[in-house]
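Here's a solo chain for you in structure tokens, the form predicted alone.
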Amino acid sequence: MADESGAKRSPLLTPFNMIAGIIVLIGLIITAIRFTGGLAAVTNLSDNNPWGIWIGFDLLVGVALAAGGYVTSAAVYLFGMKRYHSAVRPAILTGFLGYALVVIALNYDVGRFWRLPYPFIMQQGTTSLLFEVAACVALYLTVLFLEFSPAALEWLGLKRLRNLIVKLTILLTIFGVILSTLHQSSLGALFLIAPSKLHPLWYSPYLPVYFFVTSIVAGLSMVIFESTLSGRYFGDKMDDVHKEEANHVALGFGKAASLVLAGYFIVKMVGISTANTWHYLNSGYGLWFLVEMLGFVALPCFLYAIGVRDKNVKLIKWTSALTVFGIILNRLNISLIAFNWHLPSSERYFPSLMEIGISVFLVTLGILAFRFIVTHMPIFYEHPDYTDAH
């Protein structure tokens, strides 16, 4: 079909739209049940398991996979790697949507969701890690919104405001890196208070370091993974610069990811040696730990290195998917699988179908928002009025 101007319009009844529509409808129904019937109506949470998949996946995984924003902007604006500039806006957009969905997910998880802003306005518990995480996430979401806003302002034609925001790029990037360093590590520090609940192979005084380092890996890999999917499904929205730089981004970020993964593997081994928990490897949890470390840390590290050496972009792209899955597995291991490991299976937590449904619902909303924005705003191409701006 075509509109009056002769431009083609995409059909509405596509398989993706129909599936997404069904997911959104189911998600809205579960949302209504959650906010009218409470947590007990939709979750399997309990006093022993107060944090479920909405924290393990929606928050811990969401924040980690949204790290591409600060990693990419730091590389381009602070370290002068201008050859990766085409990756900045997609990475910032992914980060902004990721953090926005994290905040939305928190409203589902908090029993009295209307009290979510209380730490800022009622009781300033500044010695609490949760306060620090909440403050940093709220501030960084604001930073991401400002970093993303030039694309929206270009679309809206607000040139003066757009130019003002662009002048703050370096300041916003520095602020974003500081805030990300704080809350990425603090999410790991939250589990330091549970040494008797988290399995010794995953528990460590270095958890804040582990979370921060893996957030860098997640950011680098997510940029490659997202650019791969975007090139396939939104290639018609990309200009020649974005298409030409895609392989350079994959090679450069793949090399960095390989190095960071190697460093992470080393510090993990140091942590196990310091805690002297080697004997736990001779158990079921020990085997699962080796699957994570060898299959999703050592293997991607090796594959990234081979891909960079041979300039095999296809291998790097597949490795990014493997690494992203490894980050998801790591966060779920710490927050769910290896948590309360000593309890009998009958008392262990497993998410209900409605909990999983809300997580799928939120991911779908993120994909729909991403599709709308890249379809209408200059994310994968330079706006014609600002071709000389970079």
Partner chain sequence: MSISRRNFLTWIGAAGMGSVIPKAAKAATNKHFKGYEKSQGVLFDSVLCVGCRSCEAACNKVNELPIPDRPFTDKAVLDETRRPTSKAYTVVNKYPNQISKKETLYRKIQCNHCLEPACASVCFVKALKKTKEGPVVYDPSVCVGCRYCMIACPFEIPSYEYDKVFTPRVMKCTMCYPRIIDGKLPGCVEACPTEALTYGKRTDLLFIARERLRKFPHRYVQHIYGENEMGGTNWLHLSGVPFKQIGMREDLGITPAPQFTSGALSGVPIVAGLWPVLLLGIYAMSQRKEKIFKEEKEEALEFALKTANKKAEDKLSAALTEAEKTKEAAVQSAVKKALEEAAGSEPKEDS
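From a predicted model like this one, the values you see are computed outputs, not experimental measurements. Residue numbers count along the first chain shown, from 1.
Just so it is clear, the following notes concern the form predicted in complex with the partner chain, a form of the same protein that is not shown.
Chemist: Only one of Pro195, Gly284, Gly235, Gly157 gets a heavy atom within 4.5 Å of the partner chain in the model of the complex. Which one?
Modeler: Contact with the partner chain in the model of the complex is made by Pro195 alone.
Chemist: Which of these residues, Leu93, Leu101, Leu190, Leu153, gets a heavy atom within 4.5 Å of the partner chain in the model of the complex?
Modeler: Contact residue from the list: Leu190.
Chemist: Using the partner position in the model of the complex, report whether Phe339 sits within 4.5 Å of the partner chain, counting heavy atoms only.
Modeler: The answer is yes: Phe339 has a heavy atom within 4.5 Å of the partner chain.
Chemist: Is Phe212 part of the interface with the partner chain in the model of the complex - any heavy atom within 4.5 Å?
Modeler: Result yes; Phe212 sits at the interface with the partner chain in the model of the complex.
Chemist: Leu45: heavy atom within 4.5 Å of the partner chain in the model of the complex?
Modeler: Answer yes; at least one heavy atom of Leu45 falls within 4.5 Å of the partner chain in the model of the complex.
Chemist: Answer with yes or no whether Asp109 is in contact with the partner chain in the model of the complex, where contact means some heavy atom within 4.5 Å.
Modeler: Asp109: contacts the partner chain in the model of the complex.
Chemist: Thinking of the partner chain in the model of the complex, which stretch from 241 to 249, 290 to 298, 172 to 180, 157 to 165 has heavy atoms inside 4.5 Å of it?
Modeler: Flagged stretch: 172 to 180.
Chemist: Which residues within 26 to 42 place at least one heavy atom within 4.5 Å of the partner chain in the model of the complex?
Modeler: Residues within 4.5 Å: Phe35, Thr36, Gly37, Gly38, Leu39, Ala40.
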